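In the form predicted alone, a lone chain appears below as structure tokens.
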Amino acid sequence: MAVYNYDVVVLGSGPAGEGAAMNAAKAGRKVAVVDSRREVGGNCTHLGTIPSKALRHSVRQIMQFNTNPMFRQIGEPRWFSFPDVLKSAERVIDKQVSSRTGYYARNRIDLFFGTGSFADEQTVEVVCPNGVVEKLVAKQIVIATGSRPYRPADVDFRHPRVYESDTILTLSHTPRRLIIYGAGVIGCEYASIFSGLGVLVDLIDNRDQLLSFLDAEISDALSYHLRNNNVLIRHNEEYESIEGLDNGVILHLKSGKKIKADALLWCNGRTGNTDKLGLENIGIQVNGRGQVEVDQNYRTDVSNIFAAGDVIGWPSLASAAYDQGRSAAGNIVENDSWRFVDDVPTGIYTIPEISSIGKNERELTQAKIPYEVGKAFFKSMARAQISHEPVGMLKILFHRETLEVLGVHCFGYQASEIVHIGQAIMNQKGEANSIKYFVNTTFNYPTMAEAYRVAAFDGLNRLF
């Protein structure tokens, strides 16, 4: 058994692992990264964020071709299969792996591919695919192993018609009808993707509103546009059992309903990848979802072991995971790169997409904060008209007296890009965080960002 000594060992090469490894390496530490795959990138690159967003982009292009009259000069509307669309996602994954492998090489970070587990608080044993065991000894260790779809024991995921958000990427046909159980972010994104391909989707939600953490107006808009694209949303439903057939699936609901479809996609919760880490050897406990508890410094109960990303739970976003990993390493190297990551924008890649940051109307009303609303509807904006993207709006919530921007909520074309302008202003101190910034600043025209100016005028006009 070979033994290697490092300053920092990182378990996982997803966004959190990469953020930690790069920050530690740039601070002069000797770093190793362990990943269970033979390629870097983690679930984000191979199963989650990248493939689903690449799929969405391709589906949006198909929808534009099929609905924009200009393209009728080229040909009639076309049907595309899910496997065909998946090929474009695979090309993006390959490019991401290549780029990220180069980052590790340039920063002289050693990569070990295999299953890593704790032998003790400073030792990680890696079982390589060929059976060889490598021993890595380190002063500090970062757990960044991510998460996987939650699989309840009473659902038979071995059945060829039952999928979860990882295995759906192996789907080799295009179902005519699909049940998506779970209407969280992942469920809503895949509902958009499949309905965009002409699949009849039943979206099962165990709550009474889609994505209830969003501003209610934005949530309602998403529901409308999903339904408008032939998604049947069933609220306040829970499964009783899932019956697999030779040619499909029957979902039995506790309400007594039965729904039959060609396939079922399970999108109800995720579990931290901690079961193979040997955490019992070092006294670290996990919760019922396999997640590790950390303090605001991303330190676990063991002082030299840190954790970041999906494996610690909220907010379970790639964007936050990278910064959490970077901050964990910032604590290790004691430079000024540490921060507790809590100013995270929401980015939901449905069709149309959603993004928000700050408080929503419900939260401000409950807190009795006197706020006002400014809106810009995309249907009236030149850039949206040029792009044939009339759906959506930008909504700014601001304090009636101080004019401080309290929340930004966007639905529609480029929402996840647009929100960052509002985020930048909200992070300013004092009078610099004011809705007046948007009326006293010249925006390029025509742009989607100009929506801030329109919404600001709208909001200020409501004051008296």
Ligand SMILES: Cc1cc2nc3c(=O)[nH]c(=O)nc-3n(C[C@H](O)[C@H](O)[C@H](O)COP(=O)(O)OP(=O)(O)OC[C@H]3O[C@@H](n4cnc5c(N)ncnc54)[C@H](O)[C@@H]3O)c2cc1C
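Keep in mind the model is a prediction, meaning the values are calculated, not measured. Residues carry their position along the shown sequence, with the first being 1.
Although it is not shown, the form predicted together with the ligand is what the next lines describe.
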Worksheet item: Which single stretch, out of 81-89, 269-277, 232-240, 252-260, brings residue heavy atoms within 4.5 Å of the ligand in the predicted bound form?
Response: 269-277
Practice prompt. Scan T115, N304, N335, S380 and let me know which has any heavy atom within 4.5 Å of the ligand in the predicted bound form.
Written response: T115
Worksheet item: Since exactly one of S192, S356, S165, S327 fits, which has a heavy atom within 4.5 Å of the ligand in the predicted bound form?
Response: S165
Discussion item. Residue-level contact is defined here as any heavy atom of the residue lying within 4.5 Å of the ligand in the predicted bound form; does G48 satisfy this criterion?
Written reply: yes
Practice prompt. Look up in the predicted bound form whether Y349 has a non-hydrogen atom within 4.5 angstroms of the ligand, and give yes or no.
Written response: yes
Worksheet item: Can R37 be called a contact residue for the ligand in the predicted bound form at 4.5 Å between heavy atoms?
Response: yes
Worksheet item: Taking heavy atoms and a 4.5 Å cut-off, does C44 contact the ligand in the predicted bound form?
Response: yes
Discussion item. Heavy atom within 4.5 Å of the ligand in the predicted bound form: which residues of 313-328 meet that condition, in order?
Written reply: S316, L317, A318, S319, A321
